[in-house]
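Single chain ahead, by itself, as structure tokens, in the form predicted on its own.
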Amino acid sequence: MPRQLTGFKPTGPLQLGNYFGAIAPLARRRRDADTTAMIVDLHALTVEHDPAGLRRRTLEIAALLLAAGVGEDTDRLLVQSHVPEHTELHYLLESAASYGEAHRMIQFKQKAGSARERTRLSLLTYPVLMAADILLHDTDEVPVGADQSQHVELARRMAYRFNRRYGDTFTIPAPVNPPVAARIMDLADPNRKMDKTNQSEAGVLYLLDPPGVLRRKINRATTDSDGEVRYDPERKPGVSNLLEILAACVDGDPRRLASQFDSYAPLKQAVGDAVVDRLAPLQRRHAELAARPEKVLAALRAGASHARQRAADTVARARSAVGLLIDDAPPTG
């Protein structure tokens, strides 16, 4: 059974793209894979943040994942900072990485821009931490979109290099293509991906948005002026995005669904109904868990405890491989 790892950064409220691109597939894969969901709170420290907000968002995401069936009745949901082996392996990997590798990461260039003197050092090195996240858990598969594929390739490259220099230590992870509709676009600007950190919330469908808010955002979604409902992402990105969202909600095909509508108003009505119906059970379950934070915290403690057993073995292999003295073994050589 392959081991699969998915990370969620607590830098904003989860949105519909997160649900269809990561949460729902992760819940499904529980049947045929050893799946782990990790809230990567250390990654949130790479930028300016509110400490109280980070703690609140971490708990909210944990409750949403549990509400979706991820980690429920298992011990496969954890918070990154609750497993200190992540940071230990991070340093060991930094000692085998180069400045050039980290500096070439596209997200560092995009986020740092021209203000690199004021940019946090952790933003430069966090791709190595992401590699540690992956390699620590002997991960076979990493579901990843195009915007994160460079980081998985770095993890693969570092694992190959470490194994070649120091002996067989790490499992080589493989990127897994995200499912259809994982790249849901912003409703207000269908040429950009829907993202929880978008500056404007008008085009983002958050998982905890009330039904009225969800419908209002969908009714105001950008379309075009020709009035024809047709699936054509290049020429009709707004309409095609609505069809993608509808298809994801009802497990349909966006091209076939297009033939059911002769104008944009009924399409938007159908999308609103489908999104509200799809999220209703998740929102109800989340409300129950939010009222019992001790249950969420207990699940996170169980996840960290389970993860540390495996993580300790991986770190021990890495420490021994690079030549660090193990305190329960006599020195040699």
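Since the model is a prediction, treat every value here as computed from it, not as a measurement. Note that residue numbering follows the sequence shown and begins at 1.
Below, we refer to the form predicted together with a small molecule, which is not included among the displayed structures.
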Original post:
Looking at 254 to 262, 222 to 230, 128 to 136, 168 to 176, which one sits within 4.5 Å of the small molecule in the predicted complex if you count heavy atoms only?
Top reply: 128 to 136
Original post:
Only one of Leu214, Leu89, Val142, Leu154 has a non-hydrogen atom within 4.5 angstroms of the small molecule in the predicted complex; which is it?
Top reply: Val142
Subject >> in the predicted complex, the residue from Leu66, Val40, Ala274, Leu300 that sits within 4.5 Å of the small molecule by heavy atoms >> reply: Val40
**OP:** Report yes if any heavy atom of Gln148 sits within 4.5 Å of a heavy atom of the small molecule in the predicted complex; otherwise report no.
**Re:** yes
